[in-house]
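Only one chain comes next, encoded as structure tokens, the form predicted alone.
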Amino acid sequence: MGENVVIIGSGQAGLQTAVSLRQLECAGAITLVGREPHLPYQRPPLSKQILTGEWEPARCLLRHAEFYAEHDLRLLRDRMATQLNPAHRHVLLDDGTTLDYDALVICTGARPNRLRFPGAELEGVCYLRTLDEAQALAAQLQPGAALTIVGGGFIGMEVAASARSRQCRVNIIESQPRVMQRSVLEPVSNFLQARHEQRGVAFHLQECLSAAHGDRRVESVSLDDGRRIATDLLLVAVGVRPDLEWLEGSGIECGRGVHVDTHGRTSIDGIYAAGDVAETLHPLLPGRQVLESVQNAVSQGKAAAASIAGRPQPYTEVPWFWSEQYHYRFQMAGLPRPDDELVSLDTGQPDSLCLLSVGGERLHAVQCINSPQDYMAGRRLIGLAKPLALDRLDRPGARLKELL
């Protein structure tokens, strides 16, 4: 195949698409357009190893610099797409360059949700999505510094753990009744919050940020109940949204993200999407889903590349996610449904947890903390989509792998 492929976005999904195309022996031109000045890198370490100082930034790179020339991949850095014209099959970049394509892959990922509040412009108010932002935040996490985090989701909780490891004082403001509410089951929320509190993190649940205060730099924040918290840094971590603005007027079908099928195809022929920007159909999940994970970016990138290469393979892998906070490794596969029954499995180990979300005798999700064998068994069971004999687990020492 000698098609000219343009990939907008050089993160995990974009680079995986390019790598898979070469692995599928696609010999045409491949151009990657990246918003940042860096070589493509992985994001999970930004809230963990980069903040703690365990990793140098170079360790985050997905491929070394020579890789791109060796595989004839054209990488345009510090560029972004501003307009798509499917009728003429070209993309306009912010520097005025026009890129023609035979196949286009949208991998623009997501942007942090921005909050508007008095004091939002003060120094010390920050967001965390990029390597530059992670390095800037890491430099300020000095022992004794006070960090306030708005948002108790994955990023907020991971940053809290990293900051505590550097002897910072941490407050978390969360508008919901429990942390990580959108993603995890209640016992997981309670488990992780308790471990954070044991390490000195203070939580302010069902509270909202009202304002940030200071002369030039943030010195305190106020909550909507009038209380003030002294702080040196304010991190806003209230989720992300798919980067869709540049697609306005293109005619591509979008909802929360770009609509794709299990092959990564959009509503317009020759255009594909993958990663955090895509809203996908999946045989194991209800309706369309935006899945914000490395695994999803990789799997969708492979699916898009296979479609472009004329060897379509649907994305059917069980979606999975993970987080690290202190020495606790949280792993989850699948997605719980609102009416599911919650089953707790005795792991037989202290400081560990295994929860099953079951509906109609089918395992929809497994969520584990420091219980990798149960997690892996649960992930396989979700993929098998067969009735679950829960009665076989109703005894001490029962293991999930017995149901495989």
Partner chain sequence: MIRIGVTDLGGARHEVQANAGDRLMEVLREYDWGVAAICGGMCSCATCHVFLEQDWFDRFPEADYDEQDLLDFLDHRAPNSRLSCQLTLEPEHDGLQVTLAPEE
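Positions refer to the first chain, counted from 1. Keep in mind that what you see is a predicted model, and the values were worked out from it rather than measured.
A second form of this protein, the form predicted together with its partner chain, is not displayed here; the remarks below concern that form.
Student: Look at the candidate spot formed by 238, 291 and 318 and say whether its partner chain comes within 4.5 Å of a heavy atom in all three of them in the model of the complex.
Tutor: So, no: the whole triplet misses its partner chain.
Student: Quick check for you: of 260-268, 163-171, 82-90, 298-306, which stretch puts a non-hydrogen atom within 4.5 Å of its partner chain in the model of the complex?
Tutor: Selected stretch: 298-306.
Student: Looking at the partner-bound form in the model of the complex, is residue 49 within 4.5 Å of its partner chain by any heavy atom?
Tutor: Close contact exists here: in the model of the complex, residue 49 approaches its partner chain to within 4.5 Å, heavy atoms only.
Student: Hey, in the model of the complex, does residue 243 get a heavy atom within 4.5 angstroms of its partner chain?
Tutor: Contact check for residue 243: no, nothing within 4.5 Å of its partner chain in the model of the complex.
Student: Would residue 61 show up as a contact with its partner chain in the model of the complex if we use heavy atoms at 4.5 Å?
Tutor: Contact with its partner chain, yes.
Student: How about residue 42: is it within 4.5 Å of its partner chain in the model of the complex, going by heavy atoms?
Tutor: Judged by the heavy-atom cut-off of 4.5 Å, residue 42 is in contact with its partner chain in the model of the complex.
Student: Considering non-hydrogen atoms and a 4.5 Å limit, which listed residue (353, 335, 376, 358) is close to its partner chain in the model of the complex?
Tutor: The option sitting close enough to the partner is 376.
Student: Just to confirm, with a 4.5 Å cut-off on non-hydrogen atoms, which of 279, 207, 219, 324 contacts its partner chain in the model of the complex?
Tutor: So the residue touching its partner chain in the model of the complex, by this definition, is 324.
Student: Out of 173-210, which residues reach within 4.5 Å of its partner chain in the model of the complex, heavy atoms considered?
Tutor: If the 4.5 Å heavy-atom criterion is applied to its partner chain in the model of the complex, 173-210 yields nothing.
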